[in-house]
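Taking the form predicted on its own, here's one chain by itself in structure tokens.
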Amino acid sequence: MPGWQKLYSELKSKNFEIISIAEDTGGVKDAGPPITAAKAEYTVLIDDTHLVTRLYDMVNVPTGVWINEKGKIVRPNEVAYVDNRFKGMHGVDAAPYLDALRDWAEKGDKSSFVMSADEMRARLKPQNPDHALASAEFALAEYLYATGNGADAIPHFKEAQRLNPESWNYKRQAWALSNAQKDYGTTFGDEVKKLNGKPYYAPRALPNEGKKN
């Protein structure tokens, strides 16, 4: 959050706003303390039902979506790091994305990073029916967990993961709410190792990607 605060301070005078949403079933209890400690000047919300994940079909964090002043999406879901502290794990360089944001804040719809209608159609494909079922299973699991039935939630968390294996959001949240090794036979670290060099995030489509180290 300090990194995003720094960027916000740099760009807020250019009609640039950040809405940060913490996707956390634990709600204010889990997500609240770090948010309060950060003292961010931009808007920070907590989504304890993962509504944003479902509506935007997000499968990982941090994910960024660009929305212009008319409420139109001009860049859909993509990985959005503000620094390189975890680059050793995922290989994603933050610099090209931040440079793109600066260009958009400066030029608006004339920015080369704003996608055309054809590009948006190519990126925004119809949702996989299995992913819709996964969303329902995950929502049921969250409800069971929130009502004190954590053990009953586990089969539904597992089914959500099976139906949408691409969603690291489903995996991480489920594992965080129980003993991952005991209940799921794995851990976050184990699953990352299984990637064996495969990308942890879907590739971005930034014109300046790869120009900075």
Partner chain sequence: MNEILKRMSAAMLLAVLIAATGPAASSNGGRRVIYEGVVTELAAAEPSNDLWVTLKDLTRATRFAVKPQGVCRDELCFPIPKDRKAQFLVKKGGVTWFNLSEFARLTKQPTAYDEKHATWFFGPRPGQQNAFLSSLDAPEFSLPGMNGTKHSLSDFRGKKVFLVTWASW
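Positions refer to the first chain, counted from 1. Owing to the predicted nature of the structure, the values given are computational and were not obtained by experimental measurement.
Same protein, other form: the form predicted together with its partner chain, not shown, and the subject of what follows.
Peer 1: In the predicted complex, is there a heavy atom of its partner chain that lies within 4.5 Å of any heavy atom of E10, even though the partner is absent here?
Peer 2: Output for E10 is no: heavy atoms all beyond 4.5 Å of its partner chain.
Peer 1: Does any part of N84 reach within 4.5 Å of its partner chain in the predicted complex? Heavy atoms only, please.
Peer 2: Contact with its partner chain, no.
Peer 1: Answer yes if any heavy atom of K14 is within 4.5 Å of a heavy atom of its partner chain in the predicted complex; otherwise answer no.
Peer 2: Because a heavy atom of K14 falls inside 4.5 Å of its partner chain in the predicted complex, the answer is yes.
Peer 1: Since only the chain is shown here, I'm wondering whether D190 would be in contact with its partner chain in the predicted complex (any heavy atom pair within 4.5 Å).
Peer 2: Heavy-atom contact with its partner chain at 4.5 Å: absent for D190.
Peer 1: Within 4.5 Å of its partner chain in the predicted complex, counting any non-hydrogen atom, which residues from 122 to 139 show up?
Peer 2: Those in contact are L124, K125, P126, Q127, A132, L133, A136, E137, A139.
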